[in-house]
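Next up: the same protein chain in two forms, each one alone, written as structure tokens (structure 1, then structure 2).
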Structure 1
Amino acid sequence: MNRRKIIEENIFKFLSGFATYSLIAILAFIIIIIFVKGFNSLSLDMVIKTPKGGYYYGGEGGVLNAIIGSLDIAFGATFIAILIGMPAALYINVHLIRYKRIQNTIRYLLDALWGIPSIVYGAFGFTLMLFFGMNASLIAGIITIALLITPIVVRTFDEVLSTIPIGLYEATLALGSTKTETAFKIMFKQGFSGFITAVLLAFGRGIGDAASVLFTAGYTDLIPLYLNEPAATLPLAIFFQLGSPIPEVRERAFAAAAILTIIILIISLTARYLSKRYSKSNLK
């Protein structure tokens, strides 16, 4: 009996350890494959040139159109998401601080909102576009992605704000500040690490999402100059060009994948580093 339980312990310890380490192995596997493929085809031309002769058939040129388009959309969408998400998160944690029930209900709804798949946002963006009589354009892509990432901004920022001790809030009110001043001058500063994480997470999600820009931003070989022009994006550059029968075009897809992966890696690691750095000086 005693031996059996020790054998069982060892078997499961081994299995669960194996599962954990295999996750690290899977990540390494994915990143190595993307980088090996990508760095073989990554060259200066890839980064500074737009595709020549059509993105699907022409082999010349690079993916500059997609890089610029992706950055435009991600920055624009993150900006809108901050404008909507940041005050919403502050409101939950300042004005509603006495109403735990409402707070929890809102968090519950936001979490559920987070689960809606991006293709649904894409379809919704498309109906909006038809409603306003627009074509696939940069602005439609920005708005759709902004809707997609706003719940992320609110929930991530809120997670950190909710850990701020209530005494701080009471102290500022006792000194005579209005609730808005408490929100923007005190709570915002205290929760700054959460804000940074929220923004970076949202940016990463926005730059990598393909299903929602598929309908709304379209695809083009040119660099978009105005908000009403269609824009290419990195995920779609990978998706479309990977299916091409011409090897040079597929090379472009691999290069785009490497660029996108590097961006995501940088964002993930910076978010972790910055959130640690800014939360050090916080009141505990």
Structure 2
Amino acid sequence: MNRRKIIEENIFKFLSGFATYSLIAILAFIIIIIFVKGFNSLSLDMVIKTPKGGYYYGGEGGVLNAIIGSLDIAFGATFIAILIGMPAALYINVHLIRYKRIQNTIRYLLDALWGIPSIVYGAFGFTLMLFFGMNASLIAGIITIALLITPIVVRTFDEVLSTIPIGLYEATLALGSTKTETAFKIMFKQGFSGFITAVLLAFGRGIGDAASVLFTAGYTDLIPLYLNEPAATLPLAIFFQLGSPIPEVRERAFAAAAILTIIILIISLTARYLSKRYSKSNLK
């Protein structure tokens, strides 16, 4: 290796390392700021109590309504996205494996859907609500978020499935398996870790989005008991509290942001653990 190649190698190594550690530093900085600013207001009451009278003016209470609403919407939307997205990704990589042009067209459309701003999905969901005569409700928020995150599930899982050697697909067919058996018994198992990643990305996007649920899920200080009732979410709770002129209420917004961050970290670690455990048992 001559001197010029060594210099180039060192330059790109430095740039790659700088970019990696910069991202880690930015993430750490964001988390530290959230927890430092919300530390004084972060308490058990924030988690186990709903807002009381005058909460948004510094009164007592917590954001339990927003926590429950966020989890209901995120889990419901992720469940719908899995029901649609998993078979779609398997269909693209099993039944359309010989039709590259159709595969590429579908992937292009899914990428376009992934890139559409969430406020557009919110406007579309609001239009559907008006068409069907629905009010802002939990089910409207779930459907809108499901539309938002389904392309994420499909494309992320699809990328993993596309890396599975085609020889494995051909071998299963040669042994007499149907395409459906190949999809769910072979391809799905081989790409399970990627499926977990897809679900994790979708859940994180769903629970953290505010624009899609602003006009579809509504907002309430109560915990929704039925699908046709409005539901509060943590992103909207953070948004409303940050707009308050009262410093104590703004601190609560950072506390709510810390709670949202903790929820996402717990879901992420749980999903990673399950993915690794399943992969290890699969190798045995």
Partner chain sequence: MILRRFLFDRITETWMVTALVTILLLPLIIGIALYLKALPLFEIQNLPHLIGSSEWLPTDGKFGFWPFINSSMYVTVLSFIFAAPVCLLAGIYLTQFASKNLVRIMQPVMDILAGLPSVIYGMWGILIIVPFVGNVLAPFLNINSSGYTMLAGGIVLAVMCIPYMLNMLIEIFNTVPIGLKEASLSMGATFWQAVKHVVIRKSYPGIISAYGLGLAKAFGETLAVMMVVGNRVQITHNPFKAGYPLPALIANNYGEMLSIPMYDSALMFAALLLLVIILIINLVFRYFIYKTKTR
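Definition used throughout: the rigid core is the maximal C-alpha set that superposes within 1.5 Å between two forms. The model shown is predicted, which means the values in this text are computed figures rather than measured ones. Structure 1 provides the reference sequence; residues are numbered from 1 along it.
- The form predicted in complex with the partner chain appears here as structure 1.
- The Cα position of residue 229 differs by less than 2 Å between the two structures after fitting on the rigid core.
- Taking the rigid core as fixed, one finds a CA shift for residue 246 of 2 Å or more between the two structures.
- With the core held fixed, the Cα of residue 28 is displaced between the two structures by 2 Å or more.
- Core-based superposition between the two structures puts the Cα shift at residue 266 at 4.2 Å.
- Note on residue 16: its Cα is shifted 8.8 Å between the two structures, core used for superposition.
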